[in-house]
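We begin with a single chain expressed as structure tokens, specifically the form predicted on its own.
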Amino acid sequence: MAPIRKAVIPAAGFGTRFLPATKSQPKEMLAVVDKPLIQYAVEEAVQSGVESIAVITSRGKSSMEDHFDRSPELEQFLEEKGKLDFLEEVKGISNLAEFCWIRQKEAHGLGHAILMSESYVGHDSFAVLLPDDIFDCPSPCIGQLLDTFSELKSSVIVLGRVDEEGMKKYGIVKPKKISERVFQVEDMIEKPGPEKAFSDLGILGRYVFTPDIFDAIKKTSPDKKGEIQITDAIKLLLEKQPVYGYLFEGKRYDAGDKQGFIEATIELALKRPEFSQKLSEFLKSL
């Protein structure tokens, strides 16, 4: 099986949890330390061997496309001012990957957003990264899934241990243990709460799919909100082929939540040499 070189990043939502900051700018462009959320996902994909990325976008989000495009005026300014480190970094962003921008005219859930990429993906297997999630791992999180996919030749979703509150926020799987980190998914349920949860293993925003997922999405009925949940589509996929879960190694930040966004900003800044000492001293002084 050929290595996976395509990824999809769904980024068409309104970002209502961050209002009023997201009234006129995409949530995905909010900066964690000095990089927008979406750049963390793009870099993770590229570090894992992905070469082409489709971003599912919507009206009013052109700044994402601009961010990954060339900026000749800025580049010229930086060169004239001798700010060569910034110049190299800015040029690097525009050369990270090939991008395809797909407009989702109406929001009908994550499943529908992924379905928008069908013509782009074609008959290839592909990765999906939700930009709300920042993973800080010894090796890129999506790369861990790609390695598992390469071994098992079947769709793989990322799993993480969640508490009772997490069971209300995430899809939860019914796992059959294969190894210390690999589980075969026997069933799953979307945001069940602790009373109905199969386990404490939640689905946390990274997926590797075979193209069969598109047929499953098309057969998935919308929920009460009119949204097509990817969890429901994966359940249909389970009827035809095995799906595996991988318990990732590393740490995840739910940067789509204000608390998680703040925690990610602080902890990732503390890992940066230029910030760590002064920031540590400031936090101790509080």
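So that there is no doubt, residue numbering starts at 1 and follows the sequence shown. Since this is a predicted model, take the numbers as computed values, not measurements.
The protein also exists as the form predicted together with a small molecule; that form is not presented, and the subsequent description refers to it.
For the small molecule in the predicted bound form, the listed stretch (88-96, 155-163, 126-134, 192-200) containing residues with heavy atoms inside 4.5 Å is 126-134. With the partner omitted here, the residue from Gly171, Gly109, Pro175, Pro140 that has a non-hydrogen atom within 4.5 angstroms of the small molecule in the predicted bound form is Gly109. Note on the partner interface in the predicted bound form: the residue among Gln104, Thr210, Ser71, Gln184 having a heavy atom within 4.5 angstroms of the small molecule is Gln104.
The shortest heavy atom separation between Ala11 and the small molecule in the predicted bound form is within 4.5 Å. For the chain shown alone, Thr16 is a contact residue for the small molecule in the predicted bound form, at least one non-hydrogen atom being within 4.5 angstroms. In the predicted bound form, Ala113 approaches the small molecule with a heavy atom inside 4.5 Å.
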